[in-house]
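Just one chain is shown here, as structure tokens, and it is the form predicted alone.
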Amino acid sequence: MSGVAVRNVPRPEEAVVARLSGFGVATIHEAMGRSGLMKPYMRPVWAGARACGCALTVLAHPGDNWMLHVAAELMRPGDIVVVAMSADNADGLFGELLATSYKARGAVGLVIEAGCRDTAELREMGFPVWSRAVSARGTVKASVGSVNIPVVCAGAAVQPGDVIIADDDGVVVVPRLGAAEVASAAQAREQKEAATRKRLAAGELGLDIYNMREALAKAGLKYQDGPAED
């Protein structure tokens, strides 16, 4: 689908998004059965960036950021813009001027499977961006794409209104309809990890905490008291 800009899309309750914002990408990914991650080349353009919000999706074309301007009109406070590309591209589709517009409109971040530039300015203004590349190469405004349609960004399917969580570990997508359940699963996982962390800090071994010894023996691991003799 191309040439469509959808004004209104369902979003999860703000309370659910707020709950998810308290967890890291790794925790949420594990809580969803190790699913939802974008490919690991999607990296924050400045260290320590973190964001959680509802996906406003964009389908753009190589070297063309026209639809990113359309997205600014349609965004709501708390949105994260997720830009997928119709073909492989690393041009700098996003920079400080668009970030100024997005921030004024209430966006909390950008995820783009293309390039980003003005990284020093983005860091100074505190606007978080995850991109495939950093590139100063400029763009045109000539090809119509779409806004708020289903897209695939960095290998992950994203529906408008899904919850996007991003940090130094990467980007994960939480389906809107299951967001509350994922938040509960992430909370349970974090509580379990807190208990395990105390045991590890006290000197216990993961081999015993996770009951690995029997499985290792069955897999063929044998201990010996010294180096093997030639």
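This is a predicted model, so every value here is computed, not measured. Residue numbers here begin at 1 and follow the sequence given. Rigid core here is just the name for the largest C-alpha set that superposes within 1.5 Å across the two forms.
Omitted here: the form predicted in complex with another copy of the chain. The next part is about that form.
Undergrad: Please tell me which of 52, 179, 67, 186 lies within 4.5 Å of another copy of the chain in the model of the complex, judged by heavy atoms.
TA: When another copy of the chain is considered in the model of the complex, the option within 4.5 Å is 67.
Undergrad: Taking any heavy atom pair closer than or equal to 4.5 Å as contact, tell me whether residue 19 reaches another copy of the chain in the model of the complex.
TA: No, residue 19 stays farther than 4.5 Å from another copy of the chain in the model of the complex.
Undergrad: Can any non-hydrogen atom of residue 175 be found within 4.5 angstroms of another copy of the chain in the model of the complex?
TA: Judged by the heavy-atom cut-off of 4.5 Å, residue 175 is well away from another copy of the chain in the model of the complex.
Undergrad: So in the model of the complex, is another copy of the chain close enough to residue 79 to count as touching (4.5 Å, heavy atoms)?
TA: No - in the model of the complex, heavy atoms of residue 79 and another copy of the chain never come within 4.5 Å of each other.
Undergrad: I'd like to check something about residue 138: if you look in the model of the complex, is any of its heavy atoms closer than or equal to 4.5 Å to a heavy atom of another copy of the chain?
TA: Contact check for residue 138: yes, within 4.5 Å of another copy of the chain in the model of the complex.
Undergrad: Is any part of 14-38 within 4.5 angstroms of another copy of the chain in the model of the complex by a non-hydrogen atom, and which residues would that be?
TA: Result: 25, 26, 29, 30, 33, 34, 37.
Undergrad: Taking 2 Å as the cut-off, check whether the CA of residue 219 shifts that much or more between the shown form and the other one after a rigid core fit.
TA: Yes, its C-alpha moves 2 Å or more.
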